[in-house]
Structures are given as structure tokens and as C-alpha cells.
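This document opens with one chain alone, in C-alpha cells, the form predicted alone.
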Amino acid sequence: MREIFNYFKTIFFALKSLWTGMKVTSAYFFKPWKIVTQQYPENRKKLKMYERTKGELVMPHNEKNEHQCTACGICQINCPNGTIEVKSVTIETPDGKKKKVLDKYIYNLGMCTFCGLCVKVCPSDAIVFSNKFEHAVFNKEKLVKTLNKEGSTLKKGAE
């Protein structure tokens, strides 16, 4: 008896699911102006990107070519698939103290899963995701990027 009940219950839920799908399809058929799908790349110039879009990891620099990365390596540790490599060097400050500074911040876009853990754990807000989303290349070596600009230094007060 229980098997017969489960059989009819399965048929009922299948018909209910079918009805829900047909309702959505017919709504878009009779009101096509309500379709939210954007026709890419035809609308490339007026394409609206949302702030939450994770396109590419970038390191913002100010007009003095300064960044906020302290080379702590927390982003590298938290990256689940080894996308980030932080290379640092130790320098001696004028007052005789040793200090670790960023040498290269290497980001492999081809390996990134865009989970956002690196941005979330960065204590100095040195890295963010940009809205740039077109990354097609013929050579995957072009997906390995150095985020800190040539000659950039640590921003004063970001230590």
C-alpha cells in the first residue's frame, strides 16, 4: 500500500514541477520584454556589470605608484589552489631595523576559481576583484600576471 502511495506522490510532484516550468515558459512567451538575459557580445558597449562581479584580481595603486600590500602572505596561504605567489625581500631601514617588503605579487588567472578568499582575508585591503571579465588568450602564459607595478612601493601608513 505504501509503495502505491509513493508512486502517486511521485507522479503528483512531477506534474507540479512540469506545471511550474510551463508557467514560466508561457510567461516569457507572452511577455518577451521581461526577459532578463543579455545578448552578449552584441551589447558589449552598454553591458551593465554589477559590483559583486569577480572578473580579475588587481592591486590598486595610487597616483604616486604606491600599493597597500605588506607581503604578509595571508592571501597566498588561504588560496585553495595556489593561484597567488607573494615574493618578498628583506631590507634594512635607515634606523637599522629589518623589514619585509613586496618584491613580486604573482597571480595566475588561469588557476583562479574566483572564490574571493584572498580578498576577504587581506588585512590591508591591498587586493580587489575588478569587473574585467574577458580573459581569452591563445597562450596560457599570458594569464600569469604580476600585480604590483614596476617600481611601486608600500603606501605610507599601510604598514
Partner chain sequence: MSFTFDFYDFTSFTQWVDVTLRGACSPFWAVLWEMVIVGVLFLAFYAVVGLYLVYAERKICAFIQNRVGPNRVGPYGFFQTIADLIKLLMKEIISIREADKLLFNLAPFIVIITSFLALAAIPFAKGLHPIDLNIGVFYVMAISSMGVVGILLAGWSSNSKYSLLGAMRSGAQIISYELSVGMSLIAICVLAGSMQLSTIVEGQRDLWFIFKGHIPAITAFIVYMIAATAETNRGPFDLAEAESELAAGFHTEYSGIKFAFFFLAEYMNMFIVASLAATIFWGGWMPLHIPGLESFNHVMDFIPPVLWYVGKTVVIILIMMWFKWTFPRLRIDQLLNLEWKFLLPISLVNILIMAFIVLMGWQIGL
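Positions refer to the first chain, counted from 1. As the structure is a computational prediction, the values presented were derived from the model and not from experiment. Between two forms, the rigid core is defined as the largest C-alpha subset superposing within 1.5 Å.
There is another form of this protein, the form predicted together with its partner chain, and it is not shown here; the text below is about that form.
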Q: Check each of D125, E42, E134, E92 and return the one that places a heavy atom within 4.5 angstroms of its partner chain in the predicted bound form.
A: E42
Q: Mind telling me which stretch in 28-36, 59-67, 114-122, 97-105 gets its heavy atoms within 4.5 Å of its partner chain in the predicted bound form?
A: 28-36
(Q) Residue-level contact is defined here as any heavy atom of the residue lying within 4.5 Å of its partner chain in the predicted bound form; does W19 satisfy this criterion? (A) yes
Q: Please run the contact check for F5 against its partner chain in the predicted bound form: heavy atoms, 4.5 angstroms, yes or no?
A: no
Q.
I want to check K9: does it shift between the shown form and the other one by 2 Å or more at the Cα, with the core superposed?
A. yes
Q: Return yes or no for I91: a CA shift of at least 2 Å between the shown form and the other one, with the rigid core superposed?
A: no
